[in-house]
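Below, in structure tokens: the form predicted on its own, a single chain.
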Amino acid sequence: MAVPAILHTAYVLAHAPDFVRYGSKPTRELAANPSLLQQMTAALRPWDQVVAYPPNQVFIGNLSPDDLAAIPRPWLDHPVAEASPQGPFGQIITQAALYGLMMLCDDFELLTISERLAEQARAAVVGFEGRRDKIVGVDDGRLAALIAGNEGLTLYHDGEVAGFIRTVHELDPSLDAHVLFENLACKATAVQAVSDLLAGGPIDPVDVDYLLNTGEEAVGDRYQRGGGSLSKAVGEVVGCLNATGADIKAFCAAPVHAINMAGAMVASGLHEYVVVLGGGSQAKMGMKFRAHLRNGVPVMEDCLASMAFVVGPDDGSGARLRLDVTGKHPIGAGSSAQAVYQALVVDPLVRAGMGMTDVDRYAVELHNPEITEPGDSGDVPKTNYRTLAAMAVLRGEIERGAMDEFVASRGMPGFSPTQGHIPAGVPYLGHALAAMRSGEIRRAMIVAKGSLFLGRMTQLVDGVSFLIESPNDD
């Protein structure tokens, strides 16, 4: 049996301030109170602030989580000097580039953009040099006629009308323009992440055998509203001609489920190289914009995040995936924080003969607290790390007075956009690989939880985890 490993990672942030108005929460709130649009628009961040924002620099790898922990809060007041949109693990792209990617990903002529935006988009798209001729626009008169004569969604760039996406079927809510806009944005951001992954990674697109998409979109029609498969749709654009794939749906825990599945595929010999991916959730843009406005901070949920990972046979360069040290939250385990972490962290470690202090870093749900705290959701990572530290005390592995040190040294501040599947521990994987290759750490555990009750089909929560080890840990 092959030893599976995570071989390479890629992360993308697409700054899309004009997409915020069409997030699920802003759409509802602005319909009820249109005067909010001006307030919201005035509170959107410009490109330079987004690039220089410390958590965003951590997301793409220019800063480490420890660097972020050393920066005083609020991080908004401490922009990174001479910040770059390019990082060792990923990049931040402009809204014009995102529109260009959406045009490249549009197989059914859903999207129309203006000539001015098309010119900007062609110049801004990163990669795809041979396909930019697909990014074409129409004159203002033609765009205005489309908007006036069709059911659909008017799109904006730099605050001005710049595009239109059409409704495909007036009687099918799954093919409404708003849903298609969400799905196309998710596909486009995933395409950029997978393209970057394969351009900088150890394999070529044609070497990919299987794709597992973990995004929160629901691609389908009225008969199969979440049927998928965005995995193959993304693979088609980036040239994974020998791959097939499927979409994994598990709310916030989907990426960790998918990486465990990918590891099992590689270990069994079913597939040699598997790519796990997830595009951005446009519906979750601006979720807490009212709270941000009340607290005098910018509208923080202004970026679409995406990610991709190569899982394949261990070649000594990646992070070994310990399939014998994976955690799951059984149906009968109970939903208290202690019960969840007992199942996800303690139980798999005990089975492997390890203790909690044998893990150098834990990556839990890495929500950026500067997004969540103004909405009274608290500091999610800090709360979870305190729970882990308390469990280590109860197990006799650390003294009560060492809890803060446990949190500081084995945890990290949250630095991820709050798009469900994106914060689920996996934003740390790029940092983990770098730390293992440098000898800084030996082991890390990635932990994700999911809120299954949101679908109103069960009251249960979910959770999964996995352990990775340094290739030098023999």
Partner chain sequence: MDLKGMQVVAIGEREGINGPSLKLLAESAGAKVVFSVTQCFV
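Quick caveat: nothing in here was measured; it's all calculated off a predicted structure. Numbering follows the first chain given and starts at 1.
There is also a form predicted in complex with the partner chain; it is not shown, and the following applies to it.
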### Task
Could you tell me which stretch in 315-323, 371-379, 228-236, 144-152 has residues with non-hydrogen atoms within 4.5 Å of the partner chain in the predicted bound form?
371-379
### Message
Does any part of residue 86 reach within 4.5 Å of the partner chain in the predicted bound form? Heavy atoms only, please.
### Response
no
### Message
I'd like to know if residue 365 sits close to the partner chain in the predicted bound form, meaning any non-hydrogen atom pair within 4.5 angstroms.
### Response
yes
### Query
Is residue 384 close enough to the partner chain in the predicted bound form to count, meaning some heavy atom within 4.5 Å?
yes
#### Entry: Close approach of residue 431 to the partner chain in the predicted bound form, 4.5 Å, heavy atom
no
### Message
So the partner chain isn't shown here. In the predicted bound form, which residue out of 287, 212, 121, 299 has a non-hydrogen atom within 4.5 Å of it?
### Response
287
### Query
What residues, if any, in 440-454 have a non-hydrogen atom within 4.5 angstroms of the partner chain in the predicted bound form?
449, 450, 451, 453, 454
